[in-house]
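The data below hold one chain only, encoded as structure tokens and taken in the form predicted alone.
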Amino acid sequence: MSKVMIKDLGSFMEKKVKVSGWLYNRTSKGKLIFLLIRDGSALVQAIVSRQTLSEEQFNLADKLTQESSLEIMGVVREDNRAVGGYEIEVESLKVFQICDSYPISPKEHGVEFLTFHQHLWIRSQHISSILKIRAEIISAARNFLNSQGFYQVDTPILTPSACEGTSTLFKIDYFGEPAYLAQSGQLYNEANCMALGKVYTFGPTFRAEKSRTKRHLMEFWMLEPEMAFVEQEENMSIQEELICFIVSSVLKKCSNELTTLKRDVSFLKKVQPPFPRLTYSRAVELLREKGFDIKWGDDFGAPQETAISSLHEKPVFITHYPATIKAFYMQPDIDNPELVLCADLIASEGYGEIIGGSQRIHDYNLLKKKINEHNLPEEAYQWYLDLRKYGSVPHSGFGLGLERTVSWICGLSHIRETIAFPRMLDKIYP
């Protein structure tokens, strides 16, 4: 007898199988009990009959409560009316635990209640569907980069200096010396790409932003590729190909989960190359036409990004931002040094920036000047400057925010649903 996952039952038609899981719901109808069982991969209906099971086992099945853990053995039958199109005729039943009164019932609960019980809420069809899509996004991204000759290289979580700006650092004591939780793996990855050519890091990053918006977490995951001998145009093409590959993979492999989330996939099917492009200056003009009080040199917030995305059915690149509102390491535009060779990729449907990327400064003297202009301690960046002394080349990279990408692809209203245990300004439990 095979022990199988529910999602694979279609390969075991008319065969006896063993399935382990948790009770999602139970309905009793006299001599029949219908058990809806989940195992993390999918749901299946199991039919318990008084004619098939002993009186003891039948009565045990009738006592099962929501989230009780059990194992069933029986024959797989096709039934288009059942969840997933299959059901199991139970021949024997084993119960691991009959669950106490489960706090999350099928009725409506408030967000505060659900997030307090986050460790249990992740069992819901809604959250588990999101987490499966998240897993597919990660898998697709890795598959794409690996197929393009990238190497995954891990970078430090503890760092001696800032990457994106000192105002959002989580400071810790490192044996008497100040250290910080990483805002990004980028700077270290620039060193890695000088060794391996094309690399990426994927891991948690931390920003101490005192923000309660629907788009911000204190701890989030970033996919950060860096590429030697790559300039900004090629950098943007790779981002475009990556996003299209990810969306295509999710549409192909996660149709059930998207259906559970009631996601309108017609928007996702439009995510095909090429993506439209706007310069920062043109974006400012369009925002003014839409009635925004914005001047050249202002950064864009969520309302501005939403307005720009509303003009397009696909993600849109905004390029050539003023140097004054971007990071110190971005390469100036040779035609206008007030601008930098960068791009933010704004997701469609108002989900905001999902990728930020740029060509990096590769000239030693220029980078040193920028570090000083940003009042950063030069000694902390000496190793970073060394990369421009020993075989420096033009190079580029970008960072994809995983949670924002999940939020967009799933069509979610709040970023807290994109990760199993979100860390927000006022939430660190559980």
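Everything quoted here is computed from the prediction, not taken from an experiment. Residue numbers run from 1 along the displayed sequence.
Just so it is clear, the following notes concern the form predicted in complex with the RNA, a form of the same protein that is not shown.
This chain is displayed alone, yet in the predicted complex one of 288, 212, 252, 270 has a heavy atom within 4.5 Å of the RNA; that residue is 212.
None of 155, 232, 183, 309 but one reaches within 4.5 angstroms of the RNA in the predicted complex through a heavy atom, and that residue is 183.
Contact annotation for residue 32: at least one heavy atom lies within 4.5 Å of the RNA in the predicted complex. Though the partner is left out of this view, residue 79 does reach within 4.5 Å of the RNA in the predicted complex, counting heavy atoms only. Interface residue remark: residue 102 is counted as part of the site for the RNA in the predicted complex, having a heavy atom within 4.5 Å. Among heavy atoms of residue 68, none comes within 4.5 Å of the RNA in the predicted complex. Heavy atoms within 4.5 Å of the RNA in the predicted complex are found in one stretch of 214-222, 235-243, 260-268, 172-180, which is 214-222.
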